[in-house]
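Take a look at this single chain in structure tokens; it is the form predicted alone.
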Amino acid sequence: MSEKGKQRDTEEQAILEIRDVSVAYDGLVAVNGVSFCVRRGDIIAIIGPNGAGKTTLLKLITGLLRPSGGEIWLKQQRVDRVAPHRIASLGVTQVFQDIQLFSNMSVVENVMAGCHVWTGASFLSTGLRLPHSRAEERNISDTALRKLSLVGLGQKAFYSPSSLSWGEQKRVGLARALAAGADLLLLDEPYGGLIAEEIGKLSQLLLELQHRGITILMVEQLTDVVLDIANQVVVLRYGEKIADGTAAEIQGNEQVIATYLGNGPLEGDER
């Protein structure tokens, strides 16, 4: 297949396209001319040292920041000038590095809060306990319980969030994002602060979500972990993309080794 044919095939499969995107803060360029495609159903990892522009890129995708140049396309719709709530309604949900659960609510109630994106009952119908409102409440509760079971926390639905480990709290955050109807999950350092056992459980969960058709785009510092599960790896340095490919391609990329990893092999690469 020709290069143009390969590019066209990739774009047809893409759920998200970043096209020559740039943004600057007070004259400081945080992201500079970055382009890549996210194929539907893949796990994509964005890696790079601190200050590389990784988290800024997530903010651009969710609409929290607007690019100064370039375009962002989601499901064949241009969204770089679209409000964050409209982007969320298209199936994009971000799970932040610092999971902030409501301490005065149970675990399942925290997950139910994620359903606000698609709920339709009005304040009046809810207050009057009209039949449509009651049916929707049951649907919300059932959805939250299913998502908690999916992330392995069904037995702790009515616990207080404070009783959970950090890894479990992160999984509650994932369940809440899934309850919102996300088919593109944006994860900001999902492995941060996890112990070895929790890291393994999270990797297995992300692979299960991928198997269920969820596309995952994550920013992560633990390169050895994400290289084991990512279909595609994008490497940033000083706001610019220096490499984009499979884990094997990234591990053998001379520019990545020279500019991001020093003179040694990629962290965790013993293969």
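Each residue number is its position in the shown sequence, starting from 1. Owing to the predicted nature of the structure, the values given are computational and were not obtained by experimental measurement.
The same protein also exists as the form predicted together with a small molecule; that form is not shown, yet it is the one meant from here on.
No residue in the set 35, 62 and 242 has a non-hydrogen atom no more than 4.5 Å from the small molecule in the predicted bound form.
Only one of 207-215, 66-74, 46-54, 226-234 lies within 4.5 Å of the small molecule in the predicted bound form by heavy atoms, and it is 46-54. The shortest heavy atom separation between residue 183 and the small molecule in the predicted bound form exceeds 4.5 Å.
A residue is said to contact a partner when one of its heavy atoms sits within 4.5 Å of a partner heavy atom; residue 97 meets this definition for the small molecule in the predicted bound form. Although the partner is absent here, residue 203 lies well away from the small molecule in the predicted bound form, with no heavy atom inside 4.5 Å. A residue is said to contact a partner when one of its heavy atoms sits within 4.5 Å of a partner heavy atom; residue 221 meets this definition for the small molecule in the predicted bound form. Proximity to the small molecule in the predicted bound form, defined as a heavy atom within 4.5 Å, holds among 136, 198, 189, 109 only for 189.
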